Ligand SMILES: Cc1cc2nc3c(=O)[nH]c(=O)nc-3n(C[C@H](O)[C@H](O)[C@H](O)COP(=O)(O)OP(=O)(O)OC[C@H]3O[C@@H](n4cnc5c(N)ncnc54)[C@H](O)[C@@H]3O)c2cc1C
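Let's start with one chain on its own, the form predicted alone, as structure tokens.
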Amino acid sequence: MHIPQVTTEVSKKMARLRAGIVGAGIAGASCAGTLATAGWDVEVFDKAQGAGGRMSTRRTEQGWAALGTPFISAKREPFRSQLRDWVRQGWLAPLRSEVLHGRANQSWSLVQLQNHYRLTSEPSQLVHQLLGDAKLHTQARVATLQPRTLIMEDGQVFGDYDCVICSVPTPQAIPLLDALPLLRERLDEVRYRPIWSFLMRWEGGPAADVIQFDDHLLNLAVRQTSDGPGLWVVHSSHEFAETYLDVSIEEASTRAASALMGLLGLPWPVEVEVSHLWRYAKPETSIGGFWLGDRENRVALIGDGIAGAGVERAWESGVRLAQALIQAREELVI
């Protein structure tokens, strides 16, 4: 793409670069905030009531519970530095306690997780911080991505962007890309695996804050310290979620509670307060690289379906694309 040379005086009068981003999860928020800090005008559109994506939270009577990502881990720089900065700001704390692994009718062992952090403030608030000065539109459903343009389900058009960025799970992105067949075809190879998450209360069981089950139905239980000692978030295995993918919330909750009672040896019933199916919890395959772009149409795709599973890869995906756009200035290199 050839951009004519302009004088310094004309450059100062040029309008600020604009980006429209679909999805306010960790990838979209980190991309939006990085661009906004560099002086871009950024609008973010999310179909939910607030930001967070798979880092969203559920409010309780006494606090909040993280139904999504239970921990954040870092394998490399610069995300390790980012996590240390979030610790200093009070958003995270290193996971100090050991993880209890096993099941009641066999044996328990202790496992130490390295470079894992627990959220000490609502994850959705952390995502809001990442957004920075970007403008967030909630309960805003995007129907179609077109070159430099977003079309909403209600027919409203947001256009004249210098770049349109989509950061939703790839199965949700595919229906938006009818006008961009080259991008759409690339996403057909990405597959996700689901997880059910349950907010549960119970009494008794082992004295631990994190329990990893040696089981094919349930995977992890994490004590929620913001609402008393008896509140937990329990995450199913992929196999459980795939088996009960299309059942009612009531059936999934009953089966999970029954499995938990057996794994912990609980004599009393388990109360399930909230159940949520993360249909696109973890990509089993990904495109590779940090983003997928259509330079001619100025559209780019980011997120874990592109870069790989985990918060770290999603964050890297958003930040790396934003940095490339900032460095390129008007000559976008997506």
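Computed from a prediction, not measured in an experiment: that's the story for all the values here. Throughout, we count residues from 1 along the sequence that is shown.
What follows is about the form predicted in complex with this ligand, which we do not show.
**Q** State the residue from 84, 101, 135, 141 whose non-hydrogen atoms include one within 4.5 Å of this ligand in the predicted complex.
**A** Only one listed residue qualifies here, and that residue is 141.
**Q** Within 4.5 Å, heavy atoms only, which of 34, 275, 69, 286 is in contact with this ligand in the predicted complex?
**A** Checking each option against this ligand in the predicted complex, the one that comes within 4.5 Å is 69.
**Q** Even though this ligand is not shown here, does it sit in the predicted complex so that 45, 48 and 235 each have a heavy atom within 4.5 Å?
**A** Checked in the predicted complex: all three residues contact this ligand.
**Q** Under a 4.5 Å heavy atom criterion, is residue 19 part of the interface with this ligand in the predicted complex?
**A** Output for residue 19 is no: heavy atoms all beyond 4.5 Å of this ligand.
**Q** Could you confirm whether residue 197 comes within 4.5 Å of this ligand in the predicted complex, counting heavy atoms only?
**A** Result yes; residue 197 sits at the interface with this ligand in the predicted complex.
**Q** Any chance residue 252 has a heavy atom within 4.5 Å of this ligand in the predicted complex?
**A** The answer is no: residue 252 has no heavy atom within 4.5 Å of this ligand.
**Q** With a cut-off of 4.5 Å between heavy atoms, is residue 281 one of the residues that contacts this ligand in the predicted complex?
**A** Residue 281 belongs to the contact set for this ligand.
**Q** Name the stretch: of 57 to 65, 291 to 299, 304 to 312, 35 to 43, exactly one has residues whose heavy atoms fall within 4.5 Å of this ligand in the predicted complex.
**A** Contact criterion met by 304 to 312 only.
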